[in-house]
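Shown below, as structure tokens, is a lone chain in the form predicted on its own; questions about how it binds or moves come after it.
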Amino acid sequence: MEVLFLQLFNGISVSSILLLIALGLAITFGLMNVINMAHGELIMIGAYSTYVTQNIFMDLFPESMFGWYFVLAIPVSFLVAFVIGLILEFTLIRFLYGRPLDSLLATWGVALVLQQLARTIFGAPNVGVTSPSWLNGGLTVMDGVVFPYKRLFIIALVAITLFIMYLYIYRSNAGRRMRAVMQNRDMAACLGVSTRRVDALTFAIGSGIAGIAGCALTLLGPIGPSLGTYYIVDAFMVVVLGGVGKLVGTVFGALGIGVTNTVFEYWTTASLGKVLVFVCIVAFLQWRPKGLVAMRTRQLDS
């Protein structure tokens, strides 16, 4: 029973991290059909923003206030990645709409530039972020079963972010315009929706969510210029498996990959478990090419 609880918690924990990483990618990929290979570097930017926030607190604030730096680092990571994403969209991405292969090559080049820029500013070696004292330890559920506070905090952060995005996409005027452009861009433009503004804002929000993911990843280990490359493939797998542009599909895709990967790793090894997850995803997409939740519109059907 203890092993079952631990495996289930580990699966949910991995799923929450994948969901937070893939959430912004699902929005931008679904709306603009842009394959953003620099999404991992936006995660790295969020992680380094947390690192800088920590250092500022160390230098300017008393030690008693240090534990609260992480609360401030979450919106800081979002805003920094949001601004960089907005600049990237304005200078490059807006010329690549509807050109997925060109966007793949261009954003891959941007990813290399951002990695080298991070090495120049922060150095090539990984750096560590000290977790707040209130995240040390864990919650004892039963004898031999302890849920770390860091993992629980990440799960709560993902749930809050997902709820906010749900309110934005389905309960706000800006979200309605975003869904209208996603379903039928030409008709939305005819009805007076500024598709240019929607694209820019959506890409920036997706980048900001990637920044939050980077902030969360600092709780799990050291960070470096190559941080995002470890997660970009899994993020695309979640998006494709869940269904491009579907928030619900992204949730189920992340949950399925996270839990399945944890189960396979428990029964085999980490490498073989990853391979088995790939095989299962390929087999599933042969059966449902559009993913778990397919978007149905007249524009796609035609």
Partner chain sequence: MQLRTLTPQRIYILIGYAVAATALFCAPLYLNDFRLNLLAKFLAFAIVALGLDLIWGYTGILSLGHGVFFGLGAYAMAMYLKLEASGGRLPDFMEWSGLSSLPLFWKPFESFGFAVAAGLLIPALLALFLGYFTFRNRIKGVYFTILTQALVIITTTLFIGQQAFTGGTNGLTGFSTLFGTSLAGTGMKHTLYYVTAALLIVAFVLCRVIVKSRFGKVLRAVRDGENRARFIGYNPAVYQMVVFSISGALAGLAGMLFVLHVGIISPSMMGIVPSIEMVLWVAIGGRGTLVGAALGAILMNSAKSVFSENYPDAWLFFLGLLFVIVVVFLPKGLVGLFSRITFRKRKESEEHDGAAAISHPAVRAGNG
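Residue numbers count along the first chain shown, from 1. A quick note: this is a predicted structure, and the numbers were derived from the prediction, not measured.
One more form of this protein, predicted in complex with the partner chain, exists but is not displayed; see below.
Here the chain stands alone, but in the predicted bound form its contact with the partner chain, taken as any heavy atom within 4.5 Å, falls in 97-105 among 162-170, 179-187, 73-81, 97-105. Against the partner chain in the predicted bound form, the set Val141, Leu157 and Leu255 makes no contact: no member has a heavy atom within 4.5 Å. In the predicted bound form, at least one heavy atom of Ser271 sits within 4.5 Å of the partner chain.
The shortest heavy atom separation between Phe57 and the partner chain in the predicted bound form exceeds 4.5 Å. The partner chain is not drawn, but in the predicted bound form it has no heavy atom within 4.5 Å of Ser194.
Contact check for Val248: no non-hydrogen atom falls within 4.5 Å of the partner chain in the predicted bound form. Only one of Ala174, Val113, Leu152, Ile87 lies close to the partner chain in the predicted bound form, with a heavy atom inside 4.5 Å, and it is Val113.
In the predicted bound form, the partner chain lies within 4.5 angstroms of at least one heavy atom of each of the following residues of 265-286: Ser271, Lys274, Val275, Phe278, Val279, Val282, Leu285, Gln286, in sequence order.
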